[in-house]
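Shown here is one chain on its own, the form predicted on its own, set out as structure tokens.
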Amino acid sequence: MPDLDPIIHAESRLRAITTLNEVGERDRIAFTKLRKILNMTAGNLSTHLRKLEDAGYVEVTKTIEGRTPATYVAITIKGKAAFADYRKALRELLAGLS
């Protein structure tokens, strides 16, 4: 049986990393936009992004734009690879169940 990465496997983190994977590793998305796309509270999204960040799967950048703080999130190369491995393991798992 293939192992599913427990960091990614939690539903909210899976939704977040899937979205960030679509954005791409060289691009980043504003935290507020990601929160709206995922329909999550700021606190809930922050908690899940912290776990992904601690694993090295995403990078969170905080900046000041004018006088307003802004937070951006991007998938890392390591995160992209982990997501590809997760998808492969999931396909293998599902193929074995049919």
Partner chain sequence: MTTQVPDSDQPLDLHSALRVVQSAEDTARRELRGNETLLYLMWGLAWLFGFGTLHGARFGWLPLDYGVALGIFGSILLIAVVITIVLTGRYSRGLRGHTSFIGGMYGAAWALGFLVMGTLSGIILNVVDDFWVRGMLMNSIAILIVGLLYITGGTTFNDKTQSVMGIWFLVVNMAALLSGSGHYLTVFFIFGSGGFLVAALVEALRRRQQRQLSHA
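Numbering follows the first chain given and starts at 1. Since we're looking at a predicted model, the values are computed, not measured.
What follows is about the form predicted in complex with the partner chain, which we do not show.
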Exercise: A81 in contact with the partner chain in the model of the complex, heavy atom 4.5 Å = no
Does at least one non-hydrogen atom of M40 fall within 4.5 angstroms of the partner chain in the model of the complex?
-> yes
Can any non-hydrogen atom of D54 be found within 4.5 angstroms of the partner chain in the model of the complex?
-> no
Considering only heavy atoms, tell me if I29 and the partner chain come within 4.5 Å of each other in the model of the complex.
-> yes
For 62-88: residues with a non-hydrogen atom within 4.5 angstroms of the partner chain in the model of the complex?
-> T63, E65, Y72, F83, Y86, R87
